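Just the one chain here, the form predicted on its own, laid out as structure tokens.
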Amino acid sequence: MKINNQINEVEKYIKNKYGSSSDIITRRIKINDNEILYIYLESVSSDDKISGFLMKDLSKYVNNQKEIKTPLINLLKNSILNSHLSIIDTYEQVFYNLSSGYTIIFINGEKNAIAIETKSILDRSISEPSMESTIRGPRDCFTENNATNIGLIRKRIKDPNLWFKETKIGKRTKTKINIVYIKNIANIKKVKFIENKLKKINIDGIIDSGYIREFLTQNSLSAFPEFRSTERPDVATAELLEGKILIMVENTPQVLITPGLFIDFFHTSEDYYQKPINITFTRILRIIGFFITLCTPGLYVALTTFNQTIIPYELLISLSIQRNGVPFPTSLSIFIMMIVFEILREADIRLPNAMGASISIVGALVLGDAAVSAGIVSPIVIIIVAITSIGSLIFNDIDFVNAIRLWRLIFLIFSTVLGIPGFVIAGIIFTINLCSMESNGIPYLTPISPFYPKAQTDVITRFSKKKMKYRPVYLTKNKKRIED
């Protein structure tokens, strides 16, 4: 809808649209025979900026009563000292700019208006990452400010081929979404695919990057995430240099990385800041931890319930003595203790930091000891659940951890019903599920399946950077990473 050329009608229409909200500030100024109206939202605008340069520039013409021959809108456009100034002509642009912290200047008789940036700082400053802590490496993290996030990437990659393609999604929030990639490295077809998917999103508002992840996910029935998220600019930068694509969402400190392959969740930023031989050992530990947390409860139930002959005789006797007097089946005991631990961990996440750690430690010690003393569960069950839970703490991506939780339960159910054959069946279903997934058109288990020999320099083992000369061929055609 076009702007009315009468400022009385403009003021009335805008105030009605905002329900005469208390933060709408309007003021009229007369310059010779011209009447000017400027409007801003006090809640998102800076009074200092408005008083500092807007009023200072306008006052030159208020005090100067000489006849102005140039159209006033052109005069103001060329004299107001603001680097973010634009001419707008629709009410949709007016409402968007007002909510973004701009001040809008209307001139009686003009169908166009001037929008100048006077936004207030409503974002937190750059701080250390809270979810992805590090011993060695940069300690800055993304914030809720879109311009700040772009700057954190720009200062690391000083290349004009680093492109940010912006779109707005949400009929009411009009949230800025940036697709970030390096033009001569990333696969442009993948970029176009993401662009087309984003254009099809029709929703009232985007509050967090999780909204975008849901709309772009191709395998909605799979628990494992197809996108990796990070709050660390150094991680995002490294992925861009590999040929991956970022999706940055305004008002959220989590940046999405695509494709997010299975093996990526076993890598951390510190892997590239330490000696390769040490990192190889650490990655092997992470893989062992993954299988422990996924399989241990189900395997224990299968062995002790159906396949006792596999267990050494001395160990079997010890387990039988521990189970003496326990009223519940092994599978039910493990299930109960797993639920209790998950409740404790959820409480640890939700409570303030000062209280959370103490509650989780006291809860685990007291409840575990009390359950054994009361004869509700056997000591070995506490050990199994503890080992399982500790193994899941290796991973910091909450979607990946939740997927492990679900599949751990599936392994436990199959093992409870069928024993070792059920455990094997669950393993086959798990493998099929992973093999059938794709992330942005790339098989989820790449580069293990399909197998890429040259990419194995940075999968489980990590070679020295001198030997990692090529980028993954499944990500980009610009393979050369290090020139000879």
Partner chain sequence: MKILKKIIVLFIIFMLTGCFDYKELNNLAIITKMAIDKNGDEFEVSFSIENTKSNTESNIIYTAAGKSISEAINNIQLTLPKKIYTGHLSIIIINEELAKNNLNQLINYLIKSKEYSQNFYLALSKDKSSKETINEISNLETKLSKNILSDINNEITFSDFLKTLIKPGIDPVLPVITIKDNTIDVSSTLALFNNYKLVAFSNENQSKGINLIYNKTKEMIIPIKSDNKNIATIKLSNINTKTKIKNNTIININIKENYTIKEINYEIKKQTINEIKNKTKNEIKKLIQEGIEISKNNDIDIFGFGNMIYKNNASYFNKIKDTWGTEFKKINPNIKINLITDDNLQQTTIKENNNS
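Positions refer to the first chain, counted from 1. In this text, all values refer to a predicted model and were calculated from it rather than measured experimentally.
Although it is not shown, the form predicted together with its partner chain is what the next lines describe.
*in the model of the complex, do Leu221, Tyr313 and Pro329 all reach within 4.5 Å of its partner chain through at least one heavy atom apiece?*
Heavy-atom distance to its partner chain in the model of the complex: all three under 4.5 Å.
*Which of 207-215, 192-200, 408-416, 142-150 lines the interface with its partner chain in the model of the complex (heavy atom within 4.5 Å)*: Flagged stretch: 408-416.
*its partner chain isn't shown here, but in the model of the complex which of Phe306, Tyr91, Tyr272, Phe395 has a heavy atom within 4.5 Å of it?*
Exactly one residue meets the criterion: Phe306.
*asked:* Can you work out which of Asn78, Ser130, Ser373, Asn324 has a heavy atom no more than 4.5 Å from its partner chain in the model of the complex?
replied: Looking at Asn78, Ser130, Ser373, Asn324 one by one, just Asn324 meets the 4.5 Å heavy-atom criterion.
_Considering non-hydrogen atoms and a 4.5 Å limit, does its partner chain approach Ser86 in the model of the complex?_
Answer no; every heavy atom of Ser86 is more than 4.5 Å from its partner chain in the model of the complex.
*asked:* When the contact criterion is heavy atoms within 4.5 Å, does Ala347 count as touching its partner chain in the model of the complex?
replied: Looking in the model of the complex, residue contacts with its partner chain do not include Ala347, since no heavy atom lies within 4.5 Å.
*Any of the heavy atoms of Leu319 lying within 4.5 Å of its partner chain in the model of the complex?*
Leu319: yes, in contact with its partner chain in the model of the complex.
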